[in-house]
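In the form predicted alone, a lone chain appears below as structure tokens.
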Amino acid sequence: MRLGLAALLAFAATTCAGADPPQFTAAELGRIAAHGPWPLPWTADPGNRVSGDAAAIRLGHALFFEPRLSANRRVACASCHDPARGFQDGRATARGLVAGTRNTPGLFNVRHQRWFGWDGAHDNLWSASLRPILDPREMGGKAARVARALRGKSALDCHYTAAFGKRPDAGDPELLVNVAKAIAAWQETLVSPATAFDEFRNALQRGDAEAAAAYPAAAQRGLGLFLGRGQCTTCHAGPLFSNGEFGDIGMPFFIAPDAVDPGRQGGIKRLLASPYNLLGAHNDDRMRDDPTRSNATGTKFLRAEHRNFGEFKVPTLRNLTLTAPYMHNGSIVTLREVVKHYSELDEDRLHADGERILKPLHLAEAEIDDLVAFLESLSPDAAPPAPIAPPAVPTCRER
């Protein structure tokens, strides 16, 4: 069944007997449409020459689960990024070789991000994949250890050689970067499926009232709050439900009695000092047809400012039910508590300089229920989706 705009507006106000979904305006219907379609189309990473390469993806998948890369041979990328938990670990803060201070983010749809990490200290996925391998608090990896792990299994040795045109050598200054690029190539395949919200959004787009009626009234009301009084789309925009930038939302940034987490300000300083940023020699965009290395433009003009202190990344809202606890420090356990944080926001905790976007919403309990129902509809109904199996590499035998 196909409906005109007027019929869709009337439909939104009358579906689901016993409930009162909002009557979305034409502008709101346009904003709903802007959160899709999902999934986004594939685009290769110009800074990673093995992006999309079958051998690199196969290698990256194996290395993601390989504990021999770590100093104690017990910590792998998957130790914190557990596929069964939406590539998170369920802890407030991550634990590698020692306890960390930030929450582990999920990895689904990570290839669509612009900055990586809660503080954006990386401007590309392969650099963000290299950091935990080298970090003495997380894996404490070394080139010699990584080379032994690769050459200790004939399939890994073969995949590396097929992807990079040479065997893994501890003396090769590109070894660890290549390993990180392979891991990044596999992470690029981690795409979450469409959700109940996506089905509702698509039904509205094609004018299918019967399909749109399956979206719960509570989620519709929550969506109305999300678009309207909450003004959540200011930061949680687009198909990823994130603008990819950073903000101060009034969360404490003390990590010890005498220590603070500077957030984005510290992240910018680390990014600009990193030899693995897109301005450096490891960016493969210099090997492509574009001599301007346009993928580094954002980094080139980046500067740390006072207002960046205590800002943290605006996370995607997709797959929220899989990635509790929440916030950069994992201090909020449930989605309901997240919504209550914004409902009861302490404005005194926000930066005094610049434009203030956030105001306490003062939501009623029923409104909190509705907003939670909407947020839950941004996650798959079933268990975490299984990652796509890495492609076979005919020239390499697995063992």
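Start at 1 and count along the sequence shown; that's the residue number. Note that the structure is predicted; figures quoted are calculated from it, not measured.
One more form of this protein exists, namely the form predicted together with ligand HEC; it is left out here, but the text below deals with it.
| field | The single option of Leu150, Leu271, Leu278, Ile183 touching ligand HEC in the predicted bound form, heavy atom within 4.5 Å | value | It is Ile183 that has a heavy atom within 4.5 Å of the partner.
| field | Heavy atom within 4.5 Å of ligand HEC in the predicted bound form - the one residue of Gly141, Pro216, Pro239, Gly230 that qualifies | value | That would be Gly230.
| said: I'd like to check something about Ile357: if you look in the predicted bound form, is any of its heavy atoms closer than or equal to 4.5 Å to a heavy atom of ligand HEC? | reply: Yes, Ile357 sits close enough to ligand HEC in the predicted bound form that at least one of its heavy atoms falls within 4.5 Å.
| task | Answer for Pro168 alone: is it within 4.5 Å of ligand HEC in the predicted bound form, judged on heavy atom distances? | result | No.
| Taking heavy atoms and a 4.5 Å cut-off, does Gly86 contact ligand HEC in the predicted bound form? | Because no heavy atom of Gly86 falls inside 4.5 Å of ligand HEC in the predicted bound form, the answer is no.
| request: Mark Asp119 yes when one of its heavy atoms lies within 4.5 Å of a heavy atom of ligand HEC in the predicted bound form, and no otherwise. | output: Yes, contact at 4.5 Å.
| task | Choose one stretch from 169-177, 297-305, 89-97, 193-201: the one whose residues place a heavy atom within 4.5 angstroms of ligand HEC in the predicted bound form. | result | Going through the listed ranges, the match is 89-97.
| Within 4.5 Å of ligand HEC in the predicted bound form: residues from 185-220 (heavy atom criterion) | Stretch hits: a single one, Gln187.
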